[in-house]
Structures are given as structure tokens and as C-alpha cells.
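Shown here is one chain on its own, the form predicted alone, set out as C-alpha cells.
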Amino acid sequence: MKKVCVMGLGYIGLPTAIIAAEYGFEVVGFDIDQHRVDRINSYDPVIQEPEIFEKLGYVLTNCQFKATATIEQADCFIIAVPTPFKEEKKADLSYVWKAAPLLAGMLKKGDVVILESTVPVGTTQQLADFLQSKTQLAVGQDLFVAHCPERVLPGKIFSELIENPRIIGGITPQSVNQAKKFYKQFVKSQLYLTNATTAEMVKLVENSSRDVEIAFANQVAAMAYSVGLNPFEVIELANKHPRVDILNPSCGVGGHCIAVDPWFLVETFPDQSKLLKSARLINDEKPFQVIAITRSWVNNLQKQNIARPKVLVLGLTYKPDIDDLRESPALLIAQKLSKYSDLELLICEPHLEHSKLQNIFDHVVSLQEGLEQADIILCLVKHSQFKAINTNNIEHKKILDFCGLLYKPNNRTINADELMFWPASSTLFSDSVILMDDVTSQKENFS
């Protein structure tokens, strides 16, 4: 196995191609987007990721890697194309099935095909059946097909591609062993071998588990808001129990994994996934709760003779310290709020170029400008840059902190003779008692 073709040069495909090239493979990266291919070959990785500029430059300069819009023959093919969902929450496998005929035309005896894209249970078998029918190569004898889902965190992709354990699921035992030959060249952690269907389900279960945990945190937050409590304090104190470990709430769930993958299980197992569906709906609803609470404070300020309050949105990406907007709840919130003419929306997102943001929003500001101008500060994403905000300088502003950006954990021990009550002023939602049933019933108003 000397030559590798990576199909799809996005957030997973390009780093995977670079790593494979660094570890001695001859790598060609295939993508149907000619503009993306040209940029990558010109030393522009298109995506943001620590070390990616240097690593891409190294493998291009040393002729270990090239990008192309024309697929080439190889010994091993890695499919890393997007698998989003459709409007009806069904898996959109169109990119996989567009890649499959192109791939079939290149295959020869002994080739290995590894599907890394996250897919519904059973997809790898369908792909293997398709390739076998088109090539007349017997899977497990002449052609080896496996599923190895990626397990990386944006911002740490290169280290996690090497250090994280991998699940390799083959259509046949021979397929597992052939796929293992590729990953063992650079993965330093354990390689766990199983069948393709198990590997597919493992990836979906991993992300669905996280989604359920986040949904619980968001429900705790909804209950806390309804009675004027700070959910971050409630959760912090609950986590003092040695067997309790609740996540912190957020403004919703985004990204291409946690916000998408549970729907693949719901689609495949409708009768056995009621909890997963409920969690998904709870997390999908959270941005609309944020909008409703923000609207309530806009109305309050208008009653105080601030005719058009300025609302500062801190963060648009789906998680801290990255440039990825895929399925971002913060972006959705900002886009919905931008449609209201009775407020002025200010956008601060340090991880995206101003020119890109100005194509979407009217007022893009620096952090300092935003803090000075805003009447309401809406904390949506916990970027590191935002953590330096001095709350003493903005205490006259209305702060709505949905990500725990400005919450300071209370580490002191309360003496028995102290008043065991936290006044409403201690919360960053001071004087705000929102009935969440009323909020969620208004979701259609923001759609």
C-alpha cells in the first residue's frame, strides 16, 4: 500500500491526507471543487486549524501530496465527504453516492476502500455491494471495504488523528486487516477491530450520548431561568456530589457531528430512539429560548426609553476558538435577531474575517467597540479572547450569559451561620424570570 487517494478535502479529509503524506504515503487529495483544489495547491488550506499551513506547505513542497479535481488510481481510497441531513431530518448521503461511481471506475484487484464519513447503520454494506456489482471484484477477496469513523476535535485534529484510538469495522475480516495496515502507520493509540455495522453504530452512539447530556443541561437551565436562578451555579453545586457530573448548558448544539448524528439513529431505529429524539428537539429548541429571552430584555429597555437597544452578540461559531459555522446555534440566533428593526445588532466574532461577516451582518465590531456601544451583551460562544472581559467595566449593561463565559465558580465554603440564600443580583440574569413554557410556545414566531 503505497498510494492513497483521499476523497473530499474538508475538515477531516485534508488533515487526514496531510498526515498520511507525512508518514510516507504518496497521497492525492480529490475534490470536485476546483477552486478549493487550486487554493490547496497554492498552499492555502481553506480551513483554519493549528499547524495546517506549515504541514500543508511541507507535504506540497516535498511532493508527497497534491490536490486534484480528477480522481486517480491508488492502492487505498479514503472517503471523507460530507454527510449532512435533509430538511426532514433524514440522512443526506448524496455525496457518498456521487463519489461511489467515480471510485468504482478506478478500482483494481487488491484495493482498499475506507469510508470515514459518518453514516447511518448499514451504509458501508450498501457501498460494498455497489462497488462489487460495478467492478465484479469480490469484497473480501479482490476488494476490501471498511468503515473507520473519525474521532477528532477541531483545534486538535492533527494530534488526535495520531493519538486517539480508532474503531475499524470491516465488511469481512480480511477487509479489517487490510484497513488496519493503513492506520497502523500513523495511529499511536489502540486500533479496535470489529465489523462495519458495529463501527457505524459506535460513532453515532458516541455523539448521541453527548447530545443527551447537553439536553439535560439545557433543561436544567430552562428550569433555572424560569425562577430567576443562575443555571451555572445550580450545576456547579450539583456537581459537588461525587457521582454527579452534569455538563454546562449552552445556546444550543452545533457542528457536523452532535447536531446531526442522532438523527441518523432516529431514522434507522424510530421505535428504539425516543430519548435521542427528545434530546435533539430540546437542543434544537434552545436557540429560540435564547431569542425569546433576548427579545424580552429588548422590550424592557424600550420601556426605559431606549428606543432601539444595541445588542452585542459575542461569538458565532458552533464551539469556542474555531472558525467553523456548521449548524451553529449562535449563528442561527444572530440571523434571527438581525431581522428585528427595533434593535441594532452588533456582531463580534474574532475567528472569522470581517469581510466574510459583513456579507451577512450590517454591524461587525471589535470586542472593545462592542462592549462600549452595547446595551445588551449576549454571550453565546466561550472564545478565549472573551474570557478577559472585565465585568467591572460593563456592570451597567444587561448581560445575558448563555455559555457561562462570565460565570465565576464559587469555591468558598459557606459557614453554618451565613445566610443560605443567593440574592437575584448574583445572577447574570438579574431581575429576569422567564416562563420557559411561554418561551417555547413562541418558537414559530422566530422560524
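Just so you know, these numbers come straight off a predicted model, no measurement behind them. Throughout, we count residues from 1 along the sequence that is shown.
Below: the form predicted together with a small molecule, not depicted.
*Asks:* May I ask you to check whether R151 falls inside a 4.5 Å heavy atom distance of the small molecule in the predicted complex?
*Replies:* Heavy-atom contact with the small molecule at 4.5 Å: present for R151.
*Asks:* Quick check on Q289: any heavy atom within 4.5 Å of the small molecule in the predicted complex?
*Replies:* No, no contact at 4.5 Å.
*Asks:* Is T124 close enough to the small molecule in the predicted complex to count, meaning some heavy atom within 4.5 Å?
*Replies:* No, no contact at 4.5 Å.
*Asks:* Contact between R295 and the small molecule in the predicted complex at 4.5 Å, heavy atoms?
*Replies:* Answer no; every heavy atom of R295 is more than 4.5 Å from the small molecule in the predicted complex.
*Asks:* Which of these residues, K89, H351, R210, K336, gets a heavy atom within 4.5 Å of the small molecule in the predicted complex?
*Replies:* In short, R210.
*Asks:* Report the residue, out of V112, V176, I214, V365, that has at least one non-hydrogen atom within 4.5 angstroms of the small molecule in the predicted complex.
*Replies:* That would be I214.
*Asks:* Among the candidate stretches 129-137, 177-185, 246-254, 365-373, which one is within 4.5 Å of the small molecule in the predicted complex when only heavy atoms are counted?
*Replies:* Answer to the contact question: 246-254.
*Asks:* So, F232, E395 and K397: all three within 4.5 Å of the small molecule in the predicted complex by heavy atoms, or not?
*Replies:* Heavy-atom distance to the small molecule in the predicted complex: none of the three under 4.5 Å.
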